[in-house]
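Shown below, as C-alpha cells, is a lone chain in the form predicted on its own; questions about how it binds or moves come after it.
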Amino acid sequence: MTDYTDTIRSFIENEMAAPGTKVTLSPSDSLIDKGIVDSLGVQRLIAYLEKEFGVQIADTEIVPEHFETISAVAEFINFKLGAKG
C-alpha cells in the first residue's frame, strides 16, 4: 500500500488553508475541527483527489469518515486505487 499522506498534506496545507496562513498539520489532525475543510473545501479536495490520483468519488462516498483527517483521506485513496486496479 502506497502512503499518499505527504502528497495530500502538502495540497491541504498549501492550497486549502486561509490565504496568508501557514498551517502545519499532523496526519491525525481533524480537518473539520481545525476549520480547514468545510462543505466547499470538501468539494475542492475531491476535485484535487480525482485529478491527482485518477479516481472517481461518488456522492455516496462523500462522508466525514473519508475526509476527517489526512490519514483518513490517504486510506480512502488507497482503497479507491485498489478497487480501480
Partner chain sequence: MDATTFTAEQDKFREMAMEFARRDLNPGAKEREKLGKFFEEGWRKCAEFGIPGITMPEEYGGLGLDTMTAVATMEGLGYACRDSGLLFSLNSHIWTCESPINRFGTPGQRRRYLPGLISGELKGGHAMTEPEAGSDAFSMRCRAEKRGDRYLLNGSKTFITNAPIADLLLVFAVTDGSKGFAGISAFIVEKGFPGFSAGRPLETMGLRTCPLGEVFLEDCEVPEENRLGAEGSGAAIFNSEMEWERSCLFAAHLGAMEKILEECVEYARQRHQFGRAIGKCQSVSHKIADMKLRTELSRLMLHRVAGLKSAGRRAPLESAMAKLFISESYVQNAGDALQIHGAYGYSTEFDFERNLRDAIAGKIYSGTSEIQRNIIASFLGL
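It should be emphasised that the depicted structure is a prediction, and the values quoted were computed from it without experimental measurement. Positions refer to the first chain, counted from 1.
FYI, the form predicted in complex with the partner chain isn't displayed, but the following is about it.
Peer 1: Non-hydrogen atoms within 4.5 angstroms of the partner chain in the model of the complex: do T21, P27 and D29 all have one?
Peer 2: Per the other structure, none of T21, P27 and D29 touch the partner chain.
Peer 1: Would V37 sit within 4.5 Å of the partner chain in the model of the complex, counting heavy atoms only?
Peer 2: Answer yes; at least one heavy atom of V37 falls within 4.5 Å of the partner chain in the model of the complex.
Peer 1: Can you check whether E75 is within 4.5 Å of the partner chain in the model of the complex, heavy atom basis?
Peer 2: No - in the model of the complex, heavy atoms of E75 and the partner chain never come within 4.5 Å of each other.
Peer 1: How about E52: is it within 4.5 Å of the partner chain in the model of the complex, going by heavy atoms?
Peer 2: It does not: once the partner chain is placed as it appears in the model of the complex, E52 has no heavy atom within 4.5 Å of it.
Peer 1: Should E68 be classed as touching the partner chain in the model of the complex when contacts are defined as heavy atoms within 4.5 Å?
Peer 2: Output for E68 is yes: heavy atoms within 4.5 Å of the partner chain.
Peer 1: Can you list, in sequence order, the residues from 38-71 that come within 4.5 Å of the partner chain in the model of the complex, counting heavy atoms only?
Peer 2: D38, S39, L40, V42, Q43, R44, I46, A47, E50, Q56, I57, A58, D59, T60, I62, V63, P64, E68, in sequence order.
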